[in-house]
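A single chain, nothing else alongside it, follows as structure tokens in the form predicted alone.
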């Protein structure tokens, strides 16, 4: 009995002179929620496209449910439910009509299809008025829920979700998290690609961090944080941040990495300090910042995150990557 729903062995994908995926190997166990994370351009979407057969690997093998995708493409499609990053729905149809259309593409018909549609409409939590409206009138979150429902029509065991929260506001994002968690509890094997480190940390059993086509870290979120011996983050809000201040912080013994960050909620610039022993070095941090003429407005201690792991492994923040 195969305990893995996905097995990727030494997979590489080249596009002319560009290596999009570079010798990647990983396994996803049955019923596991696997986060594939990293910045845009890391190779996540290319790997997902290879998993669902849209793109062939240049080398290496991929198995889904024990089936090699090259030799058993149709069987693999039966096992997979794919939610692409871009919404794939017809604007001039309503939710029920869209599900009926995609259900027929999967070979479903008659009472079985009707029952499945009604079951999935309940899953989307759309009221009857919304169900009857054209998709063009839906919010991004509503469209995303119907898109996921369409991918579930044929009752797949494995779900591939490619950046499902792209473009969603915080409220819809949390609602979608609940849907993903529900699918996980139902025993679906889920591969979730995302550039949101907090999303991967919150939802995933295992994660692979990709950067420039390679997997640079693999394990549970907590394992990865412990592996890099980084347990704490100090967040400092000074009255001003200068190169002299950043240099002073960098020189403090016990600081593994320090960088400027922007708090989206508070709309303020902060300094993040990654360390193994936050409480021990905090007095030195306060003294160092004061020595260059800056005042500390607030200080917060928190445990390490996957974002911190990415910074330690690559030397740059994910926000910096998104702005390139």
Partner chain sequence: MKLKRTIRQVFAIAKTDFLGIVRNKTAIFFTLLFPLFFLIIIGFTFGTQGTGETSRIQVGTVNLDGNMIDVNGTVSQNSTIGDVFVQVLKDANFTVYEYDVYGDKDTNGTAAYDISRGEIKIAVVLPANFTETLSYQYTDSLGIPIPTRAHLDLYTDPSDPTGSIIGQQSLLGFISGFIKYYQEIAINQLPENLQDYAEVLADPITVSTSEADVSGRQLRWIDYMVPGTLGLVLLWSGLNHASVAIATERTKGTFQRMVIAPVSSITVLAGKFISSLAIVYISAVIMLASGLLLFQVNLYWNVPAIILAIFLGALSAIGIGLIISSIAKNEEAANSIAVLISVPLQFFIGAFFPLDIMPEPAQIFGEALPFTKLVYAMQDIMTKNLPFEAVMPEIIYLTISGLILFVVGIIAYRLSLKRL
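Keep in mind it's a predicted model, so treat the numbers as computed, not measured. Residue numbers count along the first chain shown, from 1.
One more form of this protein should be noted, the form predicted in complex with its partner chain, which is absent from this view; the next part is about it.
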(message) To test your reading of this chain, name the stretch in 208-216, 119-127, 189-197, 105-113 whose heavy atoms come within 4.5 Å of its partner chain in the predicted complex.
(response) 105-113
(message) With the partner left out here, check for me: in the predicted complex, does some heavy atom of residue 252 sit within 4.5 Å of its partner chain?
(response) no
(request) Please check if residue 147 has a heavy atom lying within 4.5 Å of any heavy atom of its partner chain in the predicted complex. (result) yes
(message) Given that its partner chain is not shown alongside this chain, does residue 49 nevertheless sit within 4.5 Å of it in the predicted complex, heavy atom to heavy atom?
(response) yes
(request) Verify the contact flag for residue 292: yes if a non-hydrogen atom of it lies within 4.5 Å of a non-hydrogen atom of its partner chain in the predicted complex, no if not. (result) no
(message) Just to be sure I understand the contacts: of 299, 55, 69, 281, which is the one whose heavy atoms reach within 4.5 angstroms of its partner chain in the predicted complex?
(response) 55
(request) Sort through 82, 142, 248, 241 and report the residue having a heavy atom within 4.5 Å of its partner chain in the predicted complex. (result) 82
(request) Go through 81-97 residue by residue and record those having a heavy atom within 4.5 Å of its partner chain in the predicted complex; state none if no residue qualifies. (result) 82, 84, 87, 88, 89, 90, 91, 92, 93, 97
